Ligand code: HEM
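Encoded as structure tokens, the following chain is the form predicted on its own, with no partner shown.
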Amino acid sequence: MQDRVYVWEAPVRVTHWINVICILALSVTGFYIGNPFLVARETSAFLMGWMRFVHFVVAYIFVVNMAVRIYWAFAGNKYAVWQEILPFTGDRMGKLFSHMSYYAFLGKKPPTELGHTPLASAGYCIMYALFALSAVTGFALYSQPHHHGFLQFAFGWVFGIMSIPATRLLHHLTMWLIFYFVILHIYLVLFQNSTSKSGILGSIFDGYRFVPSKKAGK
């Protein structure tokens, strides 16, 4: 017998799927801005302009969505709080290596955490660092025409550290690193979903995971 446990609250699930949509939209439009793969038949199509517009609007949504998830790391339930996201608290660091062994087919003990496993936590920390780096470099590039505006004030300092081409290259490379972590994230979820009966895949849709009744009753 198994019991359902409500793990992922609505803000966690909603911000997760907004991230998915934003990453897809930013990637497609970003690729086009860097290397146009469609040719407009006439200037009135304003294709590059629309791509840039969508890219920047989605970027704002992406940043707001990250801010909401960070807020929920302090306001959410015990599975969403920042202590569960950081892999360095309590005994989580010791479990990190055993979980890595399990997913690499070197260990037989699957993760038992209902929330974020230490490995997932480490991945999310790196992912959000990449999100922040992508946002900073992206808005720095966007601030170039705004010589006296807020964007120039907030992000113009980036060009004091690196050149404009280097900033553009870093912004592009960050996107590829995010791709790699998304692929790894999907693999880990599918692997655990196929080797356990905890309902990890479905939980991101309805918020519930499954545990043996005796464990749920503790």
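Throughout, we count residues from 1 along the sequence that is shown. What you see is a predicted model, and the numbers here were worked out from it, not measured in a lab.
This protein has a second form, the form predicted together with the ligand, left out of what is shown; the following refers to that one.
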{"property": "Phe131 within 4.5 Å of the ligand in the predicted bound form, heavy atoms", "result": "yes"}
{"property": "Interface membership of Val189, the ligand in the predicted bound form, 4.5 Å heavy atom rule", "result": "yes"}
{"property": "Partner contact for Tyr208 in the predicted bound form: the ligand, 4.5 angstroms, heavy atom", "result": "no"}
{"property": "Exercise: Leu96 in contact with the ligand in the predicted bound form, heavy atom 4.5 Å", "result": "no"}
{"property": "Selected contact from Val68, Met175, Ala166, Leu47, since only one has a non-hydrogen atom within 4.5 angstroms of the ligand in the predicted bound form", "result": "Met175"}
{"property": "Heavy atom of each of Val20, Phe56 and Ala135 within 4.5 Å of the ligand in the predicted bound form", "result": "yes"}
{"property": "The ligand in the predicted bound form - contacting residues of 114-139, heavy atom within 4.5 Å", "result": "Gly115, His116, Ala120, Tyr124, Met127, Tyr128, Phe131, Ser134, Ala135, Gly138, Phe139"}
